[in-house]
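Given next, in structure tokens, is a single chain: the form predicted on its own.
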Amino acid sequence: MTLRIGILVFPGVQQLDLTGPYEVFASAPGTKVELVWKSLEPVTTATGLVLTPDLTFADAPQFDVVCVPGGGGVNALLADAETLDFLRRQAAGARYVTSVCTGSLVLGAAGLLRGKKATTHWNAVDFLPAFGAIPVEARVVRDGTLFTAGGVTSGIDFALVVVAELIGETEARVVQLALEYAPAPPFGDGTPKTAAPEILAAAKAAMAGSRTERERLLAGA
């Protein structure tokens, strides 16, 4: 039986949040990965890559796995009734409800994180309690049928964990090897705890606009 995996695509999505898990899921046997959005019009990601949805909300089947990536475009989804209703419907029948990076905030806005352990990008972890979630700083967090991944690149780790759950650890390990996923970053600034102070300050400054908007939106929720 084919496992159907639906990944939300939307204007301003962080493309690696989406394409990292997509590559892992699509490389696993017996899966069909589809991008879903309100319409089939091409969507421009936060960094300019254009993606085309495969399905609309109205035409989407019940997915085995539903995944919400993050990005600056998340802010517009926090009060988007159509998107939040779609996620609630999917969550009711999905085997796993998942997110990458700030996509967890959208799950939270849909009411799907209440009382659940969850993670997100390091610059957004402090928003999780506003949705009734229990914040955990980790690459991948599981709470029952809920999987949340930390920032951007952790979406690859998360997808491998989910593949292991769905198909088996051996298949997940084969996918990891086929993709030669063996991270060895050239710099040690991959987390706030390891980053040099000036690097951390520069990263926060680059994300300040989106964070300020998010604070405003949640303050009025």
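For every residue, the number given is its place in the sequence shown, counted from 1. Treat the numbers as computed from the prediction; the structure is a model and nothing was measured.
Note that the form predicted in complex with another copy of the chain isn't included here; everything after this is about it.
A.B. asks: Which pick from Arg89, Arg139, Lys117, Arg95 sits with a heavy atom within 4.5 Å of another copy of the chain in the predicted bound form?
C.D. replies: Here the answer is residue option Arg139.
A.B. asks: Is every one of Ala81, Ala109 and Pro135 within 4.5 Å of another copy of the chain in the predicted bound form, counting heavy atoms?
C.D. replies: Spot residues vs another copy of the chain: no contact at all.
A.B. asks: Looking in the predicted bound form, any heavy atom of Leu179 within 4.5 Å of another copy of the chain?
C.D. replies: So Leu179 counts as contacting another copy of the chain.
A.B. asks: Residue-level contact is defined here as any heavy atom of the residue lying within 4.5 Å of another copy of the chain in the predicted bound form; does Glu213 satisfy this criterion?
C.D. replies: Judged by the heavy-atom cut-off of 4.5 Å, Glu213 is well away from another copy of the chain in the predicted bound form.
A.B. asks: Residue-level question: is Asp189 within 4.5 Å of another copy of the chain in the predicted bound form, judged on heavy atoms?
C.D. replies: Asp189: yes, in contact with another copy of the chain in the predicted bound form.
A.B. asks: Quick one: does Pro185 come within 4.5 Å of another copy of the chain in the predicted bound form, counting heavy atoms only?
C.D. replies: Because a heavy atom of Pro185 falls inside 4.5 Å of another copy of the chain in the predicted bound form, the answer is yes.
A.B. asks: Within 4.5 Å of another copy of the chain in the predicted bound form, counting any non-hydrogen atom, which residues from 48-66 show up?
C.D. replies: If the 4.5 Å heavy-atom criterion is applied to another copy of the chain in the predicted bound form, 48-66 yields Gly48, Leu49, Val50, Leu51, Thr52.
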